[in-house]
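One chain comes next, on its own, written out as structure tokens in the form predicted alone.
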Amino acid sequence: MSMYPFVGHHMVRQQLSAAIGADRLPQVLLVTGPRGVGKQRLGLWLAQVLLCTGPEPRPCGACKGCARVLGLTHPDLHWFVPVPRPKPGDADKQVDEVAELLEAVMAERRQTPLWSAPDGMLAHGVSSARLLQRQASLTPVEGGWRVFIIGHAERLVAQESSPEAANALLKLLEEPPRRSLFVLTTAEPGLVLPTIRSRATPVRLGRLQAREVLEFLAVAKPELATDRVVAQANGSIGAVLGSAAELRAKADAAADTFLDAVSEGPVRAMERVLRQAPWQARGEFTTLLDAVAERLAMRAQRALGPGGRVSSVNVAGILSGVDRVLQARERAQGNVNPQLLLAVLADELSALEAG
């Protein structure tokens, strides 16, 4: 799967395109701005421009070079993200392990080209710095430009117990190889090593316009393309995706807890019901009901094979349960106590399960 279209930041893109056309593009850029506005995506767009083999204006979006950049398969594109610390051992093996970890991340992004902020324990360590140096020392596979994107550059900790690696990295950024572009991105420029900041040309991205956020969501996440979600995004696509993922994970966990409680009997079900707030029947509560309905539908699917029923599970009861959940969701849009709704739904699901 290819990356989703790049939206916004047209003036910055025009300025960078002009710099490329005039052969004045700085080789080390530090792209800053709020979280989730497309800083790493700008790095991919620059890779498209430099590695495009089609006609002007570039990127053409149709040539083999553009397609391979957006498919994260171009041999002269190297995208670094924070990864776990490799196992202790031989330095070369650690570098190879980091390369494998990065390829796993890229493989995931080829399948799902949306990502959120990395776990707080991940970083660009010494082995990542050494891998970057190794790749930068090689000849471009296709004889043109090479593009290195370093996401979350504030986590670049090259001097961690290895001044040699730190010095080599700083020298690389101070004297980058010919026709090599390094795009470092961060939402926290103050945390980037001063020695790195001093070697980079700053590029600032602002927040996206509401119509740009809506344009992206209409393609990537149509279910989130609403005026309310766009207003909450405050110009950050990442904020929408992060909050949506967090809300959904919370709803999935709550749905599992509720269904487990129903299976364990009326006492446990009532304990769960009483933990439900007796107000705000919309929002998180309706998301919970959506997750319960989905869980029940998945149970029914698992119980059915291509040739018909392959399980003793009460499929008809499960499907009736889905219908009851959807009815509860519809009632939740009115002025109804969600505790009462959940109590009635627990009784109905329990009766269907027993049947």
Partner chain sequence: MKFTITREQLQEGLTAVAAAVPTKTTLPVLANILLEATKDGLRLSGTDLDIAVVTMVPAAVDQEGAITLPARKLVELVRELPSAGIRMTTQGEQRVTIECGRSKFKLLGLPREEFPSFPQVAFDGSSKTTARELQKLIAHVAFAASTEESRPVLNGVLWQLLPDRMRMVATNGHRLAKMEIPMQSTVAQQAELIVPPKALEQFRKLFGPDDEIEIGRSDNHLGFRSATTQVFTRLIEGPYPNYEQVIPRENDKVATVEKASLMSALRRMSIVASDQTHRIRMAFGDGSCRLSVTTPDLGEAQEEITVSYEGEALDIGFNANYLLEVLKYMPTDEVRLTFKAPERAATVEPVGWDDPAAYLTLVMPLRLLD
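A quick note: this is a predicted structure, and the numbers were derived from the prediction, not measured. Residue numbers count along the first chain shown, from 1.
The same protein also has a form predicted in complex with the partner chain, omitted here; what follows describes it.
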Since the partner isn't included here, can you check whether the partner chain sits close to all of Met1, Pro5 and Glu56 in the predicted bound form (heavy atom within 4.5 Å for each)? no
Partner absent here, but in the predicted bound form, which of 81-89, 130-138, 269-277, 256-264 has residues with a heavy atom within 4.5 Å of the partner chain? 130-138
Residue within 4.5 Å of the partner chain in the predicted bound form by heavy atom, from Arg110, Lys221, Arg211, Lys250, is Arg110
What is the one choice in Leu72, Val229, Leu241, Leu170 with a heavy atom within 4.5 Å of the partner chain in the predicted bound form? Leu72
Would Arg302 show up as a contact with the partner chain in the predicted bound form if we use heavy atoms at 4.5 Å? no
Does any part of Lys64 reach within 4.5 Å of the partner chain in the predicted bound form? Heavy atoms only, please. yes
The partner chain contact in the predicted bound form: Glu142, any heavy atom under 4.5 Å: yes
Going by a heavy atom distance of 4.5 Å, is Glu188 a contact of the partner chain in the predicted bound form? no
